[in-house]
Ligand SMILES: NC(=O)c1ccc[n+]([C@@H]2O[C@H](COP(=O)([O-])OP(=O)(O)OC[C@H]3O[C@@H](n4cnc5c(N)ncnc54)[C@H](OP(=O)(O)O)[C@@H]3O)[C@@H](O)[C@H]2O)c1
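Just the one chain here, laid out as structure tokens, in the form predicted alone.
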Amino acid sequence: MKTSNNTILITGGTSGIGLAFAEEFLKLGNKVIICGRRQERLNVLKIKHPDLITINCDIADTKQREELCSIVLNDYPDTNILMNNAGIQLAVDLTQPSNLEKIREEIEINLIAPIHLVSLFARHLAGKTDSALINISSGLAFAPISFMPVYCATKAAIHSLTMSLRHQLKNTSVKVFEIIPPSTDTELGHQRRADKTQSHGGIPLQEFLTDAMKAINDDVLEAPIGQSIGLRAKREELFHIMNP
């Protein structure tokens, strides 16, 4: 896939992996649109990157997703890449009565929102000469960690969804990528931590980004990065190691 002269929409682009992609694509000469629900964070990023296009949107909300699509297609009709990146990661003990509101939110953001956004943008993207859908899943889609079962299940579903989309769009111009991060040093999972400033841990963000951009540039449509290579290849074996 060409990595310059695109117009790219990235969900969850205010921090972590999404922001890293946004900044890298800006450097490469792309028009980049990010959405997020923290307006103060969008304001800071707009000052730092004046060329960045920011849209306030809570993708957990159906109506706001539809409004996002309308804004993007009306104001930025050259958009040719959608990156489904936004996600949350919660700890859930399913052996106890669970907070269904939190579970629904995690599924809505991690799975339903990407499904909905793909359905809203697919026809538009198929009308472009060069276009792509990029779904961000996780190595935990293959070998889950049991204390966050909903997150892992949604990422397994994203893997399955991406395979199906690739087949459904095989006769169009749309390249369908799945980027599969390992544990990466971002704020992912801050909702479940007492110290909200604590990092997720994992490989340096720049290391992940370098490998992910190479995969995109080389048209590696299913691209596990770092430890995710092993999680994908040895899922059963590693599951028992990760969950003693």
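The first residue of the shown sequence is 1; numbering continues from there. Since we're looking at a predicted model, the values are computed, not measured.
Omitted here: the form predicted in complex with the ligand. The next part is about that form.
Novice: With heavy atoms only and a cut-off of 4.5 Å, decide whether Ser131 touches the ligand in the predicted bound form.
Specialist: Judged by the heavy-atom cut-off of 4.5 Å, Ser131 is well away from the ligand in the predicted bound form.
Novice: Is Arg37 part of the interface with the ligand in the predicted bound form - any heavy atom within 4.5 Å?
Specialist: Result yes; Arg37 sits at the interface with the ligand in the predicted bound form.
Novice: Is there any non-hydrogen atom of Ser138 lying within 4.5 Å of the ligand in the predicted bound form?
Specialist: Looking in the predicted bound form, residue contacts with the ligand include Ser138, since a heavy atom lies within 4.5 Å.
Novice: Would you classify Thr54 as touching the ligand in the predicted bound form, given a 4.5 Å non-hydrogen atom cut-off?
Specialist: Output for Thr54 is no: heavy atoms all beyond 4.5 Å of the ligand.
Novice: Quick check for you: of 176 to 184, 46 to 54, 25 to 33, 213 to 221, which stretch puts a non-hydrogen atom within 4.5 Å of the ligand in the predicted bound form?
Specialist: Flagged stretch: 176 to 184.
Novice: Residue by residue through 68 to 98, tell me which have a non-hydrogen atom within 4.5 angstroms of the ligand in the predicted bound form.
Specialist: Those in contact are Asn85, Ala86, Gly87, Ile88.
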